[in-house]
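Next up: a single chain in structure tokens, the form predicted alone.
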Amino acid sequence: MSQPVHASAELAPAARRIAAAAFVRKYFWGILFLLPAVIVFLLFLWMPIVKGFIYSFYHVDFVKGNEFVGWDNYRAVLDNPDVGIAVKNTLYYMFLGLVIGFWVPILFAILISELRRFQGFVRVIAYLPNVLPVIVLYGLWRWFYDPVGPVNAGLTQLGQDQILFMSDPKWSMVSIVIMETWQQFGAGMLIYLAAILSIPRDWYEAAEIDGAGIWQRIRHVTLPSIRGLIGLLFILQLIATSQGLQAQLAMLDGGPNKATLTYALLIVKSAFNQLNYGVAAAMGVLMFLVLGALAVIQYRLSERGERA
């Protein structure tokens, strides 16, 4: 009775090898085409992440060599008063992004979906700022915000005082958010518009038969139908704005008076201005953990939306 059992145990590894060989033959070309992307992904994404975790426990010195310092870099982060300022500015930037910019693509998507003519033309016009090169964008908006630029000229014509958009700490972050909203709302608008156009027209016809006007249709048909997408893009915008860096660096370099110094910008300054790579790595690790938590929340919400 033991012989068949022993024979089957010997055949099991052979069967697994045959199955593995068949799998490789079947998916060889697919794996071969995926391999470059996987290698690039590992080299330029996951290797820096792993090295960031490692370097956060070292004093990095390219001349004398790295020195293990344990948790000293994390203590330095917590003791740095600029970190509190940067976190507060980042949260303020995220808040402004939601209040000023989050609803703009939803509003434009709904308005365009209600158009009966020239809908395609309006889509193109709304998306054009998104393809504008950032160098041109920043130069254009610095001119807009200049004390003698068109915005202040218009305010003067209306009898209002000039606003120092770039040099007044109360207006600097608001100015950046307005600029980025104008540039980026087109991409979100197209996503929302695709979701709205996928809503069955029968629902709108039934609402019209029941006497619903345009606002009732939007409130009771359109918004409930894209509620899951709104929640998903809400989390994605939180993640994106928490990494605010480019506009703050290019437009004002964190000024005036550190009013636009975001957490990501402080990481860059710590690494490349102060050459304190270990502390910058520790700040990056803390940011990675927070963004990872937001990504998990986003994943859970998307799963819930799919089930709904």
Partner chain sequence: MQNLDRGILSVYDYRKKSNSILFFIAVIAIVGMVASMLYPILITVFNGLKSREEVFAFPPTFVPSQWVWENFDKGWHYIDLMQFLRNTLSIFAGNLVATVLILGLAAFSLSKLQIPYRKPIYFFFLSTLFIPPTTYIIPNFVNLRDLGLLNTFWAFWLPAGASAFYLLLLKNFFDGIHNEMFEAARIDGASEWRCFIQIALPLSVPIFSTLAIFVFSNAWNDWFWPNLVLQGDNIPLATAIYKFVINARGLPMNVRFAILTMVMLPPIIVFLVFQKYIMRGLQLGGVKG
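Quantities reported herein were computed from a predicted structural model and do not represent experimental measurements. Positions refer to the first chain, counted from 1. Definition used throughout: the rigid core is the maximal C-alpha set that superposes within 1.5 Å between two forms.
Another form exists, predicted in complex with its partner chain; not displayed. Remarks below refer to it.
By the 4.5 Å heavy atom rule, the three marked residues 112, 127 and 250 all count as contacting its partner chain in the predicted complex.
Heavy atoms within 4.5 Å of its partner chain in the predicted complex map, among the stretches 80-88, 168-176, 149-157, 93-101, onto 149-157 alone.
Within 4.5 Å of some heavy atom of its partner chain in the predicted complex lies at least one heavy atom of residue 218.
At the 4.5 Å threshold, heavy atoms of residue 197 reach its partner chain in the predicted complex. By the criterion of a heavy atom within 4.5 Å, residue 71 is excluded from the residues contacting its partner chain in the predicted complex.
Proximity of residue 267 to its partner chain in the predicted complex falls within the 4.5 Å heavy atom cutoff. Shown without its partner, the chain has 31, 33, 34, 36, 37, 38, 40, 41, 42, 43, 44, 45, 46, 47, 48, 49, 51, 52, 55 in segment 31-57 as residues with a non-hydrogen atom within 4.5 angstroms of its partner chain in the predicted complex. When the rigid core is held fixed, the Cα atom of residue 161 travels less than 2 angstroms between the shown form and the other one. Remark: with the core as the superposition reference, the CA shift of residue 68 between the shown form and the other one stays below 2 Å. Once the rigid core is overlaid between the shown form and the other one, residue 209 counts among the residues whose Cα shifts by 2 Å or more.
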